[in-house]
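The chain below stands alone and is given in structure tokens; this is the form predicted alone.
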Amino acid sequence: MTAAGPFLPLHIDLEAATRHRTALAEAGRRLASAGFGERMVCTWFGVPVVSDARHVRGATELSSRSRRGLGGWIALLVGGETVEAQRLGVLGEGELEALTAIGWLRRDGEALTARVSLVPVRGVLVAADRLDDRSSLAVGSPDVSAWNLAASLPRAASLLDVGTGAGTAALLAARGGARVVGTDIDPRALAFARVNALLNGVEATWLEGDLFCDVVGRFEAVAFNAPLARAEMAQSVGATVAPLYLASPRGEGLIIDFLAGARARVSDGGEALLHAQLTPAVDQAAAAAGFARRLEVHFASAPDGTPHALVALREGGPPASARVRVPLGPACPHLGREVIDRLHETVALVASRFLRPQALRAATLRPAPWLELTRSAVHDGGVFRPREVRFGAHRLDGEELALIESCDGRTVGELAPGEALLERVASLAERGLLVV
């Protein structure tokens, strides 16, 4: 068993994939049935979430892990190791032949090497280029931002996945029964998406072109995992040649064009989701996109301070907008639909407090469960003195901390009977610290 070599551009044989579509679907079904899922990948690598497995490399760290059966498939497809076929089981010769025919596996006698990374994400298998060459980033490589977007999708009967890449969001929506259209300007990314659909046994329509290209009709959900808004930021992460999913020559103009056209593609009551760097121009375009509600969830920042955000634009209900900071960490390793829905509901409630003040008084708010309360102290004169209290990324004063800690199932009216305290509670909710 040896580590896989550096990344080599892979030609995906779509004709072979079509010929072997039955075997590909059977391969996906057998792997899933054998337990090739997020929990087992995390256990094998000894990490809390699958995305962390991308950063675990080296025979020393992984020397005690099994390379037989399911452990062998994880070593091969996620770890990038060469494994003997006779150790694996799970798949028959027909499925191995299919994966070899399309170029995903390379076989030398009994030795199998994966030319792709195949990662389980929320019940679907997503293949993309390997990242064994740590000095470069390849088109379609496992992308945590795509996983955040996919996990935050609303339940919808139809999805337009703009810039679909390897198809992560599209695959999850199709698995849930949605009618799915995925677009991408990169034919190689679409080749991955097409074969991933066969592997997962789902149906989707794939269109090659820019943004909305030849898309017809409206969708309950429209999603876009945008490239970096500023090309120079792509170089700051060490990419020698910025691939399409990482940066676009159009920079923030691409995201602004998406926002300008998104409303026309969203059906009444639907939602657009944008995963992007929120530059001032992009923020202004989101505000002008024509949606009733705008929720900006800031979860990280670029080196220059530009927020990385998930922007949820929704039709229907009273106008409302909010910017909320949800730093990703141990309590919230990735964003998810629960975060978006709870924040949407809270923002709408707080925004209507002047029109329907009794609705806010009758509501029950609780501390946001994805934020961590931390206390720090400074050692001074032989004793520790309290320094500050933070909830998530927000520093709290004593009154704010007391209000948050008192949210124990009582209504807002019981917690804050006076107008001043009511506004204080509303302010905490607007910042995402309290949720319905």
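In case it trips you up, residue 1 is the first one in the sequence shown, and so on. Since this is a predicted model, take the numbers as computed values, not measurements.
The form predicted together with a small molecule is left out here; the points below concern that form.
A heavy atom within 4.5 Å of the small molecule in the predicted bound form is found for one listed residue only; from 156, 254, 105, 312, this is 254. Here is the short version: of 79, 165, 270, 72, the single residue with a heavy atom within 4.5 Å of the small molecule in the predicted bound form is 165.
Partner proximity in the predicted bound form, defined as non-hydrogen atoms within 4.5 angstroms of the small molecule, places exactly one of 318 to 326, 83 to 91, 218 to 226, 109 to 117 at the interface: 218 to 226. In the predicted bound form, the small molecule sits within 4.5 Å of a heavy atom belonging to residue 185. Heavy atoms of residue 211 reach within 4.5 Å of the small molecule in the predicted bound form, making it an interface residue. The small molecule in the predicted bound form is not approached by residue 274, whose heavy atoms all lie more than 4.5 angstroms from it. Within 4.5 Å of some heavy atom of the small molecule in the predicted bound form lies at least one heavy atom of residue 250.
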